[in-house]
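The chain below stands alone and is given as structure tokens, in the form predicted on its own.
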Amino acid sequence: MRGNTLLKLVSLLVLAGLLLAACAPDPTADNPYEEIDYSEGLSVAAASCDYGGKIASIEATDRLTVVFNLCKPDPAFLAKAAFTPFGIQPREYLDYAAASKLILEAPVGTGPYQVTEWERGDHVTFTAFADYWGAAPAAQTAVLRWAAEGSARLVELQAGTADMITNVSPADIATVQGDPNLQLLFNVNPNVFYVGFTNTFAPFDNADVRRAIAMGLDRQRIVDNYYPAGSEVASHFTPCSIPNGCAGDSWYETDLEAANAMLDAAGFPRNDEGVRFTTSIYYRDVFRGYLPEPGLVAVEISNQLRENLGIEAEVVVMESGEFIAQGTQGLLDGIHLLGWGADYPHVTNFLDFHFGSGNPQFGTAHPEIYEALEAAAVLADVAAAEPHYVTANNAIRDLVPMIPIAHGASADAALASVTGAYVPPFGATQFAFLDPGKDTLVFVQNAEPISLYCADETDGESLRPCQQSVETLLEYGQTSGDTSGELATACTGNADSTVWTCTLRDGVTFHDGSSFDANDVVASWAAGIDAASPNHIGNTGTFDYFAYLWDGLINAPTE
């Protein structure tokens, strides 16, 4: 059992810098922490449901059973529980590695691959886990690398130094299709690219300014010039393939006369140089399916703002982690370019995350939006929920916290020799399902992970490596958003979706050699959902997905 002696030891190791090692504990060696056998179930609970969130308590009722008690119905529970940030790590390792932040570099999961090295700036190496409970991966080693430019990723694939790459550049799709040595893999993940505002900064605290920009951008021009075939201008924030995603009125058409008149009336006339005001456009130079040409699109939007509306906007590229941290916390004083790929197949994934009452990204949240979303989120029946989504989508259109630009088409690519290559609609490609015909699989994505502790990350470049090693209670299908058992053999809800009972898989071993049980589930969820947990540290400490998808953190300090 851990005690003061171990805590002092951990502190000394941190001070000595010995916890900066980039590989997980070796399961063949003695761990610096003791395994705690299951004897009594852990639990985590809110003082009451008055805090406003969905989680009332999570309880280990026996070694292989965990019960989630909710404050209100959540028909999307199964889809959420399969999402990567809700991955399970050993309670002992969380207690040992959270405070030192070793956990950011070295996850300990139950997956088919374990992380054995992260050489910052170059690659992450995974080794097949010999004691994996499921089918062994075809390749003994998997290497994740990254390259920002689509052309650089394609060159690696053509040269055979990569087995699979993400996000083929639009201009290179025909090249891949015409090469018999390659296979093109279309990505059907629903997504959206948007121009965001933070309404706590002038002049974006004025809704008419935001509406004017919405009418002043030629979104069709952006899609036509910078997106591949199959992409479309967004009529709503959520793609129409998601039920109730396109409830309500469609977005504004381009209307420069009305937009300029609105800016005049809002008190922003042009000066002698024809400029109304100056601002910045912030973005990260990371190729994503929703934004295949981020730098070019940023310049295009800057040009349109100047030419169409008299707004001077400086283009500012930021480091990816800094951009995500500042953008999602509402700290950027200009316009920001971001997007979203679906994590699970439900409209709550798009709307509740972005426009819920607890999200600071767009500044002060709008009750006209989030109250309708809260009413809809407890309804399992799509038709019954529709009127609430009409209200929410119309309020988003009226208040313009952001401008939806495009739903992007995209594709990954692999060597023709790779068997089982695929791109799932939800989640990341599982390396264990790919057979490169050799001992080592090399996968090249768009950017380096921010950290490997995905309970406190939101970017896809981090979620992909996490998903290879840290498993969740449920998993998505390779071709659909349907869920099936992973660490749980099943999770069953009661009649009104307020109590979900998960039966766990027996005989599962973590990469550190410890045994998986219900207390590991409670401890892993508690580190994210419980603001009072000593392990609620993470990378940024915001645990965005826990806060937004469950309507708030339990035991959070009140202002």
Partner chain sequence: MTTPAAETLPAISQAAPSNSLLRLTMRRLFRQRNAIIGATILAFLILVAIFAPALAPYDPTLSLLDIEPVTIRQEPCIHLFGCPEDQAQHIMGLDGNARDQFSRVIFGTRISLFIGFSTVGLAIIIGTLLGAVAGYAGGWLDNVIMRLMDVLLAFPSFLLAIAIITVLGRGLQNALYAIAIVNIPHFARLIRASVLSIKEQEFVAATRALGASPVWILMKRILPNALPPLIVQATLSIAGAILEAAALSFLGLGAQEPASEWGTMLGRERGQVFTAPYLVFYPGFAIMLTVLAFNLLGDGLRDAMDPRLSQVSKR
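By rigid core we mean the largest C-alpha set that fits within 1.5 Å across both forms. Here the structure is a predicted model, which is why all the values come from computation and not from measurement. Positions refer to the first chain, counted from 1.
Below: the form predicted in complex with its partner chain, not depicted.
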| item | value |
| --- | --- |
| Contact of residue 293 with its partner chain in the predicted complex (heavy atom, 4.5 Å) | yes |
| 4.5 Å heavy atom contact, residue 155 and its partner chain in the predicted complex | yes |
| Distance check, residue 419 to its partner chain in the predicted complex, heavy atom within 4.5 Å | no |
| Touches its partner chain in the predicted complex: residue 123 (any heavy atom, 4.5 Å) | no |
| Three-residue site 218, 306 and 319 fully in contact with its partner chain in the predicted complex at 4.5 Å by heavy atom | yes |
| Location of its partner chain contact in the predicted complex, chosen stretch of 391 to 399, 333 to 341, 362 to 370, 166 to 174 [non-hydrogen atom, 4.5 Å] | 166 to 174 |
| Single option in 225, 181, 484, 140 placed near its partner chain in the predicted complex, where near means a heavy atom within 4.5 Å | 225 |
| Position in contact with its partner chain when the complex is considered in the predicted complex, options 249, 435, 149, 117, heavy atoms within 4.5 Å | 149 |
| Contacts with its partner chain in the predicted complex, stretch 487 to 503 (heavy atom within 4.5 Å) | none |
| Residue shift check between this form and the one not shown, rigid core fit, residue 105 Cα at least 2 Å | no |
| Core-superposed comparison between this form and the one not shown, residue 317 Cα displacement 2 Å or beyond | yes |
